[in-house]
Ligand SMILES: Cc1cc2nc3c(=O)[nH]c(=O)nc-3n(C[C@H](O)[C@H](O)[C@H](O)COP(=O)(O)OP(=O)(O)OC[C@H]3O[C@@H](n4cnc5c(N)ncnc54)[C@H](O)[C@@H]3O)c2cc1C
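Take a look at this single chain in C-alpha cells; it is the form predicted alone.
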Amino acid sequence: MIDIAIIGSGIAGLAAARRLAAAGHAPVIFDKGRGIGGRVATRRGDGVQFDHGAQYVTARDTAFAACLDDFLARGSAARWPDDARHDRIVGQPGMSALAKAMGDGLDIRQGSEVRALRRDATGWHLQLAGSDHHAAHVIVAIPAPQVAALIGADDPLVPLLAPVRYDPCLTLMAVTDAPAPFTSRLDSDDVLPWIAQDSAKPGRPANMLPAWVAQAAPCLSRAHLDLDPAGIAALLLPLLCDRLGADPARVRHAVGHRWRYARVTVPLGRSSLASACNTLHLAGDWCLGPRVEDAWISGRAAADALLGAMG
C-alpha cells in the first residue's frame, strides 16, 4: 500500500510531491513519459539543445518567487535579461533543470503509465501495464481532458472540468549558421507569435550555432495538429526563415513538436479539486491559468488540501 500516489510529473505533480515530502510523507510519482516537468522541457541531441516548451518563468506569488530564488542560488536557474519589462528566469543549462531541481530526492517512476484509477475497499487501485498498485490517497496532476479516461467518465468530478479549454501549439526547433537578427520576438498578431534564440539564454553551451525555437499561433496549430514532427518542421521552417531573413540553405537542423494541451485559455477558477471522500485530489495549470506558476500553486494547493484531510 502506497500512502500517497501522484499521477503526473509535471510542475503541478512535482510541487505537490515536494510539499508533501516537506510535511514528512513519502509520495510516489507515476508518469508515463521519459522526462519530468511536462512542458518545462529541454530537447537535446546531435550537439544542440532547445527549450521547446515553456520558454521562461516569472513569479508573482511570494512562495513561488522564494522557490525560484532558491534555484537561482543553487545554480539551477538564471535570469535572462532579454526583456526589461519582466524578470524572466530560465533553467540552466536548460529549462528542464527547474523540474529536476523540484524533483530532487523524490520517488519518481518514469515510464509508468497509470491506465485506470478506481476506488476500492482499501483506497485507490492504480492499474499500470504489467503491474498494479494501491494507494490510500491520490493526486492526479494531468491535463484536464485526460482525467475522465483515468478516473472514469461517471466520476462526479468530471463534469466540473467541462468548461476548461486549451490551445494547442506547434513548435519548431531549428539551427542556422546565419547571423541572429534578434534574441527574441513577441508578436501576438503573427502566425509565429514567439521566436527565441534559445542558444542566447544564460548557461547554454558557448559553441552552439544560433538555435531557434518558434511557436505557432493557435489558429495555425489547430489547422495542422495532426502533422508529424517532419511535417511540422516543413510547415514552420519557411515562416521562421522569412522572419529571420535567413537563407533556408543555411539551416543545419530542423524538427517539429506538437503540444496538444499547450496553453490554458479558460481555467477552472479554483486552485484544485477534491473528491467527496477527500482521498482523491486534482491539480494542474488548468485550475488557475497558463503560467508555470499557476501549475505550481495548484499542486501545492492540492497537497495542502490532502494534508488537511489527513489531519
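These figures come from a predicted structure and were not determined experimentally. Don't overthink the numbering: it's just position in the shown sequence, from 1.
If you look for the form predicted together with this ligand, you will not find it shown, but the lines that follow are about it.
Proximity of Phe50 to this ligand in the predicted complex: non-hydrogen atoms within 4.5 Å are absent; the residue sits far from the partner.
Contact annotation for Ala17: none of its heavy atoms lies within 4.5 Å of this ligand in the predicted complex.
Residue contact with this ligand in the predicted complex: Lys32 places a heavy atom within 4.5 Å of it.
Residue contact check for Thr42: none of its heavy atoms lie within 4.5 Å of this ligand in the predicted complex. Note that among 66 to 74, 247 to 255, 52 to 60, 268 to 276, the stretch whose heavy atoms approach this ligand to within 4.5 Å in the predicted complex is 52 to 60.
Val114 is the sole member of Ile232, Ala196, Val114, Leu240 with a non-hydrogen atom lying within 4.5 angstroms of this ligand in the predicted complex. Using a 4.5 angstroms heavy atom cutoff to this ligand in the predicted complex, none of Ile4, Leu160 and Leu306 count as contacting. Residues are counted as partner-facing when one of their heavy atoms sits within 4.5 Å of this ligand in the predicted complex; in 268 to 291 these are Gly284, Asp285, Pro290, Arg291, in sequence order.
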